[in-house]
Ligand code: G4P
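Here you get one chain, nothing else, as structure tokens; it is the form predicted on its own.
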Amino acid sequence: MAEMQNIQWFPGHMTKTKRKIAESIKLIDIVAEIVDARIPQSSRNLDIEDIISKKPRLIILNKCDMADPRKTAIWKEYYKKNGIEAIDVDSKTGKGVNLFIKAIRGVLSDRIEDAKAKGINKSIRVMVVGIPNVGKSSFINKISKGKRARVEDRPGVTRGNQWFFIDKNFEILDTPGVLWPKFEDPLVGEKLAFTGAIKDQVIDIQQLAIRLLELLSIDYKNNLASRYKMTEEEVDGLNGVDLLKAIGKKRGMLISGGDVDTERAAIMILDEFRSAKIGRITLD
């Protein structure tokens, strides 16, 4: 199996971001954590566990239309067993976004009922967190319909935070800054690169495509065979390098002398994975 270079990332604002989130935690009732449904574990920043303390939480599995629905169901059940509610959505089409408010109210139902019993019409404040490229901005734009709240002068609200009105007595706070996950496991970095979360300019595209093909040939052999007009036996008999060359040849990506233009083939394979043309795939 080909070795992928160890992806390094040094986000300059991580400490500042974590501090801002910690400062804002006291303003909110619940944290909504957005992850990429194709890599639900690899697209999380595990530091968030410490930052949000004991606040209630909702997991949003975004880009669900690109993920393997069987594995999405398994992940939702996994979160449920660990006491965390999860919903699957696609922010671009709006699929499942309408479940957000209901899910939040469900998680906070006891607190809402307690407030009602005291004659209080409780206002719900939600902080939305997520690493780059999981679709946080798309989700907020879809759920808020662009209704940014003018709240800087209100008591208890930190100036400069991005608040949005969603519904009556329901507001969301966009995370102040961005969170990057730790790349202690090289495979986490690879999976983020597969989905485009890490810029292609800082990695070896051909090596990345080779590693992706190696992983897909294990769990999604049929997808590869179907997309690139190969038999499953052909896919099974080739390593990542030979798969890249075979697919490039199938697509007529040849250069002088009849060799395969592997760089062009690699770019095509990554593009087709990221646009779900190879199928609905989950790598975690």
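In this text, residue numbers run from 1 along the sequence as written. As the structure is a computational prediction, the values presented were derived from the model and not from experiment.
Just so you know, the form predicted in complex with this ligand exists too; it's not on screen, but the next bit is about it.
Note to self: Between Leu208, Ile166, Ile131, Ala86, only one gets a heavy atom within 4.5 angstroms of this ligand in the predicted complex; which residue is that?
What the structure shows: Here the answer is residue option Ile131.
Item checked: Option touching this ligand, based on a heavy atom within 4.5 Å in the predicted complex, out of Lys76, Lys191, Arg125, Lys136 -> Residue within 4.5 Å of the partner: Lys136.
Check: Even though this ligand is not shown here, does it sit in the predicted complex so that Ser217, Asn223 and Asp236 each have a heavy atom within 4.5 Å?
Finding: Not a single residue of the candidate spot has a heavy atom within 4.5 Å of this ligand in the predicted complex.
Margin query: If contact means a heavy atom within 4.5 Å, which one of 55-63, 22-30, 254-262, 237-245 is the stretch that engages this ligand in the predicted complex?
Written below: Looking at the partner contacts, the answer comes out as 55-63.
Checklist line | Partner contact for Lys92 in the predicted complex: this ligand, 4.5 angstroms, heavy atom | finding: Within the cut-off, so yes.
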